[in-house]
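Quick setup: one chain, the form predicted alone, written in structure tokens, and binding and motion questions come after.
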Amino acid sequence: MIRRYDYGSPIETGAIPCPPPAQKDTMPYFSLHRAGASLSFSLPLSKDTFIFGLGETVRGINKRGHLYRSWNSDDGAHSEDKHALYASHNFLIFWDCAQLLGVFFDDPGFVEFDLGYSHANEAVITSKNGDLRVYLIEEESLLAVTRAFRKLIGRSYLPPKWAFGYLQSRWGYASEQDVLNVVREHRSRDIPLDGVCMDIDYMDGYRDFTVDTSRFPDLAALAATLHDEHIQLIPIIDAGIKQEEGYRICDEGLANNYFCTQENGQPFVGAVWPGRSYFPDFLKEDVRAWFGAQYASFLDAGIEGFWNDMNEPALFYSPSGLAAAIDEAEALRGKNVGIEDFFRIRRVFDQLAGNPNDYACMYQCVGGHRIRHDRVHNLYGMNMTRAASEGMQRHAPSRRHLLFTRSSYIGAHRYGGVWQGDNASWWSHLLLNLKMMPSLNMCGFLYTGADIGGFNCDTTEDLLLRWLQLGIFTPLMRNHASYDARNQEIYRFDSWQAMRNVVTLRYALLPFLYSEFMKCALTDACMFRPLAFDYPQDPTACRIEDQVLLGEACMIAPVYEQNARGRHVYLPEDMLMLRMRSAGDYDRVPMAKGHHWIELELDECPLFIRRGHVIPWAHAAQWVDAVDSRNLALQGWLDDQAIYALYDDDGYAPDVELSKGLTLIHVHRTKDGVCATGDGLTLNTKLIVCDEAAP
């Protein structure tokens, strides 16, 4: 059951395509308190209450005990003390033995989630504006709550199949030759690869939808060359438009009043990569249509994928803020600067980027009315993604395109995926990558992943190898690093062959991963889930934070500690462990329910398959289109029989139906061994389906 409650004058966010009617009665369970404009919702917590959700946030799968804020922020230091990252996903599930509630606070402004932080036995959610819609979801199980919410917010974005291949990226591929070198190094070593992402280096002066032809002389020719290698080019597009007369995008935006304004109606100016910039008002339909149309020139050049960035929107400074900071610094010239002045002036410059006062000077248009940007701040990235998605659909309606974004709000999941922001080469961020996956899935974001190896800082060889072992399971599998970090392409390392072998596992698993992704997208399910969702009666499973369920049949438990040669794993039921080294090199170990220490060398990663289930397994390939999805082996632990529903399609058509893409694979014992059948499939079960008794 879903009920909607309105407070104040809610702003239409677009998160819910077809909102149910508002209730007239008082919302149950929560106590309300107003203080000025703000409105707080309080809920008592028992000692056993779990809190799931909030999508892209720091810390654990269970969100209890910390203070979170919905305020999309360009902050690359994802340390545990942070309260906000790049996205705002205001969906929570409160669960204990006496209560199960899903709650979505549909407010695009500043919202604070005090989840047992100030008082251990109380959750307090505070809307700064006090104008919002609240959706209350009551169902019989955790799985049912998430499915009901996912159905409410609409179907998740469907990427093309090639987007499930391995992607290589770096801020610093500054020429066509750099890109070609990356491709050559991968192909010459048989390291699978399906895409190369281009960061801001390809642009002419950091101007959107331009190319520096001195370094990339013919983008269409480069794209064609890479297509011959079965590789896609994926350029970045930023939110800020350089302030420059004669730059077409700037001139058109000014002429048509497409940019966000100041209170006096003049265009708002803030600085990002090109310096002083304007910001398209993506909340206006005509602006989205105009901006989305700009992608056409790249589509015509043979490019089929993009990533949108800097769309919180990020602000390095405003001209007035910078001037004030310089004045304060100038006042200290020639003085003996003591500790208080030193730290004060450092804070002044540190606070230039993303300053709340700057956002409060910015205005957008909502439903024909001008509104201060900070009241709708968290919608900006979502609507940039919507503009891009709808623009590509209009220009090339017969194909799916890759699109992922940094900033988002619930609703953006219908238009593209997300990557988990500018993380760091820290072991803790490998674990954070794992913990974000189920939380993002609950909020509709299925196509997601983190920068493998870490974006900031210098990765280490063992960290990259262990991160790849997690990345083979995430729908977005991208190695990405900053210009000032060490080069972290696989071929740079002594253990590149072991890393290559890990990537071959991705392609062997691709029929399974693509099938599970598409089934979850088309049935409003979660591809990644906390163990509590499937084992709610198992108190040990419910508190596991470093293992998650994958699809219908599997569990993953990566190694995430430096120098570890194994890890503890808890199995909530009998499972078959695959100790994997490459697509053709693995051990099968039947394991009984309970606690285990598993040995895992640096080149080994585990996958656990639930007893009585099977998954498809393909031959290794160098790119996605070379994966033979009709000639499969089966991995699993068979008792008497098992059925796997394999989904597959051409990977490009946008209009898909679950029933048309399903093939049922039946596996059962016979007196002569094991038999597997599936319409149009060639299936191999020799030494693959494992039916030994667990030790």
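Counting begins at 1, following the sequence as shown. Here the structure is a predicted model, which means the values were calculated and not measured.
Keep in mind that the form predicted together with a further copy of the same chain is not shown, yet the notes after this line are about it.
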If we test each of 608, 206, 496, 259 for a heavy atom within 4.5 Å of a further copy of the same chain in the model of the complex, the one that passes is 206
Heavy atom within 4.5 Å of a further copy of the same chain in the model of the complex, from candidates 265, 367, 246, 334, belongs to 334
Q) Any chance residue 320 has a heavy atom within 4.5 Å of a further copy of the same chain in the model of the complex? A) no
- Task: Tell me, yes or no, whether residue 275 is in contact with a further copy of the same chain in the model of the complex, where a contact means a heavy atom of each within 4.5 Å.
- Result: yes
| message | Check residue 140 for me: does it contact a further copy of the same chain in the model of the complex (non-hydrogen atoms, 4.5 angstroms)? | response | no
>> Even though the partner isn't displayed, in the model of the complex is residue 460 close enough to a further copy of the same chain, meaning a heavy atom within 4.5 Å?
In response: yes
Only one of 340-348, 89-97, 396-404, 208-216 sits within 4.5 Å of a further copy of the same chain in the model of the complex by heavy atom distance, namely 340-348
Applying a 4.5 angstroms cut-off on non-hydrogen atoms, the residues of 586-618 near a further copy of the same chain in the model of the complex are 595, 597, 599, 601
